[in-house]
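Alright, two takes on the same chain below, each alone as C-alpha cells: structure 1 and structure 2.
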Structure 1
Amino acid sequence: MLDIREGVSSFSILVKLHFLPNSKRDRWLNVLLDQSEVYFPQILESQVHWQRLQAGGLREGDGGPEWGLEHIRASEPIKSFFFSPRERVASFPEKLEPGETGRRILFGVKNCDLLPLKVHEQMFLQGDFKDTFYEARLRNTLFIAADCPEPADTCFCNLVGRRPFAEAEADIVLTVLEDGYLLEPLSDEGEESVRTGGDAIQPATEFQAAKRAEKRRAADSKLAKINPKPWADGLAQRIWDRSGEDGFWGKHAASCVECFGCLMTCPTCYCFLLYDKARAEGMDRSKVWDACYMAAYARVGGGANPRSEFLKRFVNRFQCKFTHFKNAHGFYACSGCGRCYRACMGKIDIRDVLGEV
C-alpha cells in the first residue's frame, strides 16, 4: 500500500492505493461474486448498459463481456437500483415492511451517478420521513467507482461543481491501467473488500499513482475543452429572475415534443406519485416515478392546475434543479451526466439554456 499526497482538481486527499494485476483480476472478482450480486457496465451495440456479472462471464474476449469501465456512465441511471419505477410501499390492514435485500456491488459506477445519491438522500432519508425501502437497498450496496478517462461531448460535470468521490458515496475508486486496476478504498467496507483479494492485491508503485494522476488530468483537460465557459455567477437567482420571460423560455422549449425522455433518464429526478388500489380485504399503496413535464403533474383537488401550460412546466424543471434545490441544500440537483440531451428528441441542451440565463 502506498501513501502519497495527490492533487485532484482543487482538493488534496491522503491516498491509499493498491494494485490488482490483470492476471489476478478474476481471483478477486470471484471472491466478490461469492459474497454478493455484482453488476457491471457492459458495452452492447456501442452503448454501455448495466448487466449482472455471472461467474462464467469474467474474461473479456473469447465471447466474454466487453467491459465499459473506461467509457462514460451507463445509459441507465443507477437510481432504479434503489428507487424503483413502480413499487408497492404500503398495505392495509396489514403493515408492509421492507423485505430482506441481499448484498450487491455496483462495479464501475461513475461519479455522475454517485452525486445523485446525495440528492436522493435529502428527499428520502432526511427530515421527518424516511423511505425505509430506499434505505434498505442503499445500506446493502457497495459502490466501486471508476474513473472516467474519456468524457463525451455530452458530459458537463465540471459545470455543476463535480464533487470528490469521497463525498459521493464511493467505497472504492478504481482506475484502469494498462496492466491492471489501481484501487483506492474510501470506506471501511471498501478496505475490507480489497483485503478479500488476498495476495492478488499488491502495493501500488509511485509510477502507477503517477499514471492515474496523468489520466485524470487528461480527462479534466478534455472536459475543459468540451465546456470552456462556466455558467454565470448567481445562476439560481438569475433563473428565478427570468422565470416570467416567456419569450426566452419559449425559444428553448420550441423543439420539445413532451416525450419525457430527459426526466426518465435523469439520475437526480426524485418525483413520485402514490396511488391506492382496493383488493378484496384491504388495499395496497404503490409508488411510481412521476415527471414534472406531465400535464397532470401539478393538478390539485377540484381539477385546478397552476401549471397547465407546458411552458410553465418547462421552466419549473430548471427552477427545481438549479434554483430551489440549490437554495435549500447548497448544490444543484444535476450531476452533468448528459443523459437528458442524449434522450431528447428535440435536442435541447440545458448547457445552452443555462449559458444564456
Structure 2
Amino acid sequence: MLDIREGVSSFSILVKLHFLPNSKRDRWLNVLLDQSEVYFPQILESQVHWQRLQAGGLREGDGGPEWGLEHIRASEPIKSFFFSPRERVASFPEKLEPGETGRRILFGVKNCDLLPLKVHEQMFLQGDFKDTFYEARLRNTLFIAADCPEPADTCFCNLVGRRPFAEAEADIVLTVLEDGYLLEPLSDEGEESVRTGGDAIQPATEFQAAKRAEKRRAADSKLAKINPKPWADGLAQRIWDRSGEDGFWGKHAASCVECFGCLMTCPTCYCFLLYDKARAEGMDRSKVWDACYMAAYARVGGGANPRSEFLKRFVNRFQCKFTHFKNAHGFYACSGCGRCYRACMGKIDIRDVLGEV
C-alpha cells in the first residue's frame, strides 16, 4: 500500500486523480479558453506575474510565455481579481449596480493564496451586508491550484498551519510531473472541468500518485528547514498583552520607512476607503485599497486620531491579523506568503517579530 496521504487509501485517491500528458495540455487549455478568461503565472525577469492566457500564446519557449507553475506565488496577490485597487461602486443621484461578470479561471494558484479568500469571505460575505461586487466575481471563478515544490526562504506557510499544496478550498489541485500534470478535482465544478478535457485527460497511475506524494513530502521538508521553530503558544494573546511595550515593537519597527509596501502586497489585507469624487452634478464613489499604516487611516472628522504615532499603527497591524482576526474567526489573517518581507525596504521580517513576541 502506498503512503500517499495520511488517512486516505491509495485506492480512493487514485479514483480521483487524473493525468494530463504534456502533449495534450494545450487541447485542454483551449477548451478552458473557449469557456472562460484564463489567467496563469508567467515568469517575467525571474518574477512570477499573473497574465491572461491568449489562445494564440499557448506555446512555451521560443517567443511563447514561460509558465511559472512550479514557482512560488505570483508577486501580485489574487485579491486584485475580485477586489481591485480602485473600483467605482456607487454614484449619485443615479444608482449603480454591479455589472455582469465574465467567467474566469485562475490556473496555478498557490495554497498560500487560497487562505486570503477565506479571510475576505468573512469580511465581505459573512456579515449582515454582502459586497455584491466581490461576490459576483468570486462565484464566477474556477480555482486551479498548483503545488509549490520549491518554497523560497521568504515563505512561511507552515508557521500559519498550512502546507505548500492545496487539499481543499480550490476546485482542482494540480501537480507538475515530468511528463504531464496530475489533476485532483476538489469540487463538483472541478470534476466538470476535468471532464471537459475528454480523452486528453486519463486516469492516473499508482506511480504518478506516488510521485506526487514524494514531491509533496520534499516540499514539506524544505519548509520545515526554512522555518524550523513554530511560534509560541498563545500568540494572539501574547501580542495583545505586549501591545503597550513600545521598546519591543520599536526595535522591530525601527527600519520602517512607511512605504506601505507590506500592506499593499498583502493578500489578506482587506481595508478600503470609500472615496467620493464630484461630477458636474452628483458624484461617483470609488472603493480604493487602504492601509492601516497610513497616518490618516483612523483619524476622525474633528481631527482626533487614536493612532497618530506610527508605532501604534505598527502594533495595530499585528493585533489585527494575529489577535483580533484569530479570536473572531479561528485563524490568522496571514497566509505565510512572505510578500510583506519581500516588499519591505527596511527588511523587516514578520517572522522575527512574531518569533520573539
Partner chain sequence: MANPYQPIEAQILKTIDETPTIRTFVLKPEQDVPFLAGQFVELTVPGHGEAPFTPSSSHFERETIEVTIMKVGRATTALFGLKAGDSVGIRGPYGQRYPLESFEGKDIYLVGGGVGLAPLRSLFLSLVHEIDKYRRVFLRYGARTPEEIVYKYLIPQWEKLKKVDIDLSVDVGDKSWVRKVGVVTCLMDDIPCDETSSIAVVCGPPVMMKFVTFKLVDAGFKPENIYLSMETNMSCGLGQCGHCRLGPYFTCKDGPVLTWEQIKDIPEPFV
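Every value quoted in this text rests on a predicted model; they were computed, and no experiment measured them. If you superpose the two forms and keep the largest set of C-alpha atoms that fall within 1.5 Å, you have the rigid core. Please note that residue numbering is based on structure 1, beginning with 1 at the start of its sequence.
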- Note on the structure: Lone-chain pair; form predicted on its own identified as structure 1
- Message: Taking the rigid core as the reference frame, tell me whether P93 has a CA displacement of 2 angstroms or more between structure 1 and structure 2.
- Response: yes
